[in-house]
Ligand SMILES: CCCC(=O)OP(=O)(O)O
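Shown below, as structure tokens, is a lone chain in the form predicted alone; questions about how it binds or moves come after it.
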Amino acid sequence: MELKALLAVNPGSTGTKIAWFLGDRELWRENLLHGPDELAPFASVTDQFSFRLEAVEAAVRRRGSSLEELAAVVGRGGIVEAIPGGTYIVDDLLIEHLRRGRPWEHASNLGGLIARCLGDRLSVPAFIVDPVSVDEFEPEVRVTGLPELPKHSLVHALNVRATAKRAGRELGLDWRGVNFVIAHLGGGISVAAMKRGRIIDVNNANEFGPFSPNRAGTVPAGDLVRLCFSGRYSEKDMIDSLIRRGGLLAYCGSDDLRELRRRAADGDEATELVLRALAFQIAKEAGSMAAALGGDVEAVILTGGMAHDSHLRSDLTARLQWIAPVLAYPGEDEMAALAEGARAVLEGEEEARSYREAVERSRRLGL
């Protein structure tokens, strides 16, 4: 079988990661850093499109690769409508939704835009894979207690699904035929119940569940309302406190887990308490996801950047091994996951999904 060249594009808030694949082999990757002075002239994330596209093209030239060799371009999906997981062709409706930046702007939306631009120019397919707005919830998961505030799905779907596939391969099982609890432990924490390949529940890292390096997680609702109306904070202040200045940063003044481990080792009891609480909250959320799966769990999986921390892994393993064996895949490889999703379509292992059809189905279901 002829090996196909793929370009994966994963924009973040301060940089654009790109990687070049030939078949399943990564030939090179770069993280193109964009300083504050470079991004300052742009009024919105969408306005950065041409700047980031030119940076990608320059990096490909610098590496001695040719865009003309590509069989497809795949970008990070971004925040779009509620859709099932999978690989999607970047169609016109998806382009429209990536550009609009709602409910908020996110740099990852540029991945699909760049992929489509290059794909059109080269007459090759453009894809996105497992955006953060993947929604495979079962109906009862959406009910919260206030009809005006249903639970929405936002999840580190790309790494969660890639990790489930990896665990399935290593266990000799079809990942779509077993159940996992998967905890993505990064700047935000997603603890997901995966039922036979579908993410049927997750905490939504911005609003529910464990606190994280920057995010407050679940907080007392009544006290939060009273704080909002105290007159001391604006709406922006409160949102920043919940998703940018909460968690480890709020308690310890730092969101660097390595630094906090050093403090705890030097006898800082307050920091040690917060780190124990972090593990406690993650374990409690994982336990709730095991309950969502009826206790039928093949493995509990720890992944994401914080899974590199041996103390956290050890603590979580001790707390969670009663559910199922605990597997650890520290870090995340979103670039390989993007390429894998595109390659599966190109090689006929999976069928590319239609974003328009998925959105129309979600709207019929009232998602």
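Just so we're on the same page, rigid core means the largest C-alpha set that superposes within 1.5 Å between forms. These figures come from a predicted structure and were not determined experimentally. From 1 onward, residues are counted along the sequence shown.
Keep in mind the form predicted together with this ligand is missing from the figure; the text below concerns it.
With respect to this ligand in the model of the complex, the three residues 12, 132 and 155 uniformly fall within 4.5 angstroms at the level of their nearest heavy atom. Of the candidates 289, 199, 90, 205, 205 is the one whose heavy atoms come within 4.5 Å of this ligand in the model of the complex; the others do not. Only one of the listed residues (97, 195, 106, 165) places a non-hydrogen atom within 4.5 angstroms of this ligand in the model of the complex, and that residue is 106.
Heavy atoms within 4.5 Å of this ligand in the model of the complex are found in exactly one of 138-146, 181-189, 120-128, 268-276, that being 181-189.
Contact check for residue 215: a non-hydrogen atom falls within 4.5 Å of this ligand in the model of the complex. Looking at 59-77, the one residue that comes within 4.5 Å of this ligand in the model of the complex, counting any heavy atom, is 76. Annotation: Cα of residue 310 displaced by less than 2 Å between the shown form and the other one, core superposition. Core-superposed comparison between the shown form and the other one: the Cα of residue 131 travels less than 2 Å.
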